[in-house]
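Here you get one chain, nothing else, as structure tokens; it is the form predicted on its own.
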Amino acid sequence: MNSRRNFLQKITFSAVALPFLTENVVAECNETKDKPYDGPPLRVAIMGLGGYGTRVAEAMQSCKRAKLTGVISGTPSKIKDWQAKYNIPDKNCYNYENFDNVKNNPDIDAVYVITPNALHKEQVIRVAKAGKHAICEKPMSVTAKDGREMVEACKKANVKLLVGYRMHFEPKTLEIIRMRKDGELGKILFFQGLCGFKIGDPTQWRLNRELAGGGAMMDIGIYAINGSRYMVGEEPVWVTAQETKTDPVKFKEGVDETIQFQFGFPSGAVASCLSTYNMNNLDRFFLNAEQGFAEMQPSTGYGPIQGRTNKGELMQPHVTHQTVQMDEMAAIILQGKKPIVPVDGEEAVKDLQIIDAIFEAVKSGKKVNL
């Protein structure tokens, strides 16, 4: 069965091995990564033991600041398998009905919600009410309204809400952001983001509007939306969008197959992006500026990411994204670290507002102001 995760893994594993990262870029990209950490780890329960949950769990075995200590699943056999593999005691295992009881479990500091999109809101709010920090896979929810309610619930409970924006910690991505911030590229003029693959099994939850909240846009289009914001360094002020659907049986009402969308930014920069479930090998970012450019292909896969600028190839080595993400999120929660690019709930709401506007623009055929 084809899926985004299988696609991303396939397209990026073919990339060549990379040279070692210079010390100054290590310091720039990951301030606390190489510093000894002798405090307690962030103890994490993973909710949703599917393909991506498994990837996160495996990556966490190499973490210095985060540790897998619990599981939440509706499938008892998966819980048993994870218990055996990761040495998780019975008292740290929950299902979707009783996971509110994590409130009384000192072995769990945070819950990473990795379930279908439409379930995130209720589950994150329950985690917050249980007094635990919430890490939520993206998209954080299916509408900006839901996202704002999640943010408010976590603030009210005095817990952190972080979102799985792994690219915000990726060294090549951060190097391009540094170049842009330092003025090395000059005035930003244009961004292009292409995100797509040909999806398989028509019965999977990603093609179920009630669970996914949409189609390709929610799953992979969000990478181009988020990427346009951190690459350009501005928030878009308008959006236009057009949808193409060639298979209305597979892509039912409310499940987008292909959407082209365009943004305008306050500086005059523009973006042109594509999100699709019907074209393979689309994983590319391109940034054009008055004094240079930056290109990434693959741009958001699991790695290695490949990138170059007008100054040459980006040489930072690949480190497993989820390992870095979980260590950095532990530093945010436990040490108050400020990431270079935010990964909090407010950041995620901005993406959801844009997705809402894209769907509105598709429906109306008009430019939507943000």
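The model shown is predicted, which means the values in this text are computed figures rather than measured ones. Throughout, we count residues from 1 along the sequence that is shown.
Keep in mind that the form predicted in complex with nicotinamide-adenine-dinucleotide (NAD) is missing from the display, and what follows is about it.
- In plain terms, the part of the chain that comes close to nicotinamide-adenine-dinucleotide (NAD) in the predicted complex, with a heavy atom within 4.5 Å, is 217 to 225 out of 183 to 191, 146 to 154, 233 to 241, 217 to 225.
- The candidate spot formed by Arg43, Lys132 and Phe169 is out of contact with nicotinamide-adenine-dinucleotide (NAD) in the predicted complex: none of the three has a heavy atom within 4.5 Å.
- Contact annotation: Tyr86 falls outside 4.5 Å of nicotinamide-adenine-dinucleotide (NAD) in the predicted complex, judged by heavy atom distances.
- For the chain shown alone, Asn117 is a contact residue for nicotinamide-adenine-dinucleotide (NAD) in the predicted complex, at least one non-hydrogen atom being within 4.5 angstroms.
- At least one heavy atom of Gly48 is located within 4.5 Å of nicotinamide-adenine-dinucleotide (NAD) in the predicted complex.
- Contact annotation for Gly164: at least one heavy atom lies within 4.5 Å of nicotinamide-adenine-dinucleotide (NAD) in the predicted complex.
- Comment: nicotinamide-adenine-dinucleotide (NAD) is not present in this chain, but in the predicted complex one of Glu137, Asp283, Glu175, Glu257 has a heavy atom within 4.5 Å of it, namely Glu137.
- Taking a 4.5 Å heavy atom cutoff to nicotinamide-adenine-dinucleotide (NAD) in the predicted complex, the contacting residues in 186 to 219 are Trp205, Arg206, Leu211, Asp219.
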